[in-house]
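Just the one chain here, the form predicted on its own, laid out as structure tokens.
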């Protein structure tokens, strides 16, 4: 478990499904800059949450993001080691009702500290869709520096997109 001023990042459980469906999985605007689609109904959202919760049993660096004030699960976040010393932020998705409150910055800072301080990272990568100006601003505000861009194909519809990559050194 990780804690910030306003958030708790913890391993998820299937019981988090209703919050995640309401706050994240059902919200099409969140998936505009993601490789997958929103859940078409609550049953699909509950199934998605259960799958994430199972993954959390094996991957200790993936989290559900909970707002302390409301005790709701409002998003997901995680990091992953790409090769020795080099980590990447794998997910950051905060429900639209909770955006613009500085939660993304708190998440990036706590994940960066986890990678550097607990896992021996020397660099951390951060990527986002080129059009996602909010994500780009978040990366830059957390000390990441633009590295390069690469084309990618969206799995959900075959659309070609450009990913911008940012790097932060310890």
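Residue numbers count along the first chain shown, from 1. Here the structure is a predicted model, which means the values were calculated and not measured.
The following text describes the form predicted in complex with a small molecule, which does not appear among the structures shown.
Undergrad: Among 36 to 44, 122 to 130, 49 to 57, 63 to 71, which stretch has residues with heavy atoms no more than 4.5 Å from the small molecule in the model of the complex?
TA: That would be stretch 122 to 130.
Undergrad: Does each of 8, 79 and 88 have at least one heavy atom within 4.5 Å of the small molecule in the model of the complex?
TA: Heavy-atom distance to the small molecule in the model of the complex: none of the three under 4.5 Å.
Undergrad: Give a yes/no on whether residue 84 approaches the small molecule to within 4.5 Å in the model of the complex, heavy atoms considered.
TA: Because no heavy atom of residue 84 falls inside 4.5 Å of the small molecule in the model of the complex, the answer is no.
Undergrad: Counting only non-hydrogen atoms and a 4.5 angstroms cut-off, does residue 138 reach the small molecule in the model of the complex?
TA: Yes, residue 138 sits close enough to the small molecule in the model of the complex that at least one of its heavy atoms falls within 4.5 Å.
Undergrad: Residue 102: heavy atom within 4.5 Å of the small molecule in the model of the complex?
TA: Residue 102: yes, in contact with the small molecule in the model of the complex.
Undergrad: Does any heavy atom of residue 30 come within 4.5 Å of a heavy atom of the small molecule in the model of the complex?
TA: Taking the distances in the model of the complex, the answer for residue 30 is yes, it comes within 4.5 Å of the small molecule.
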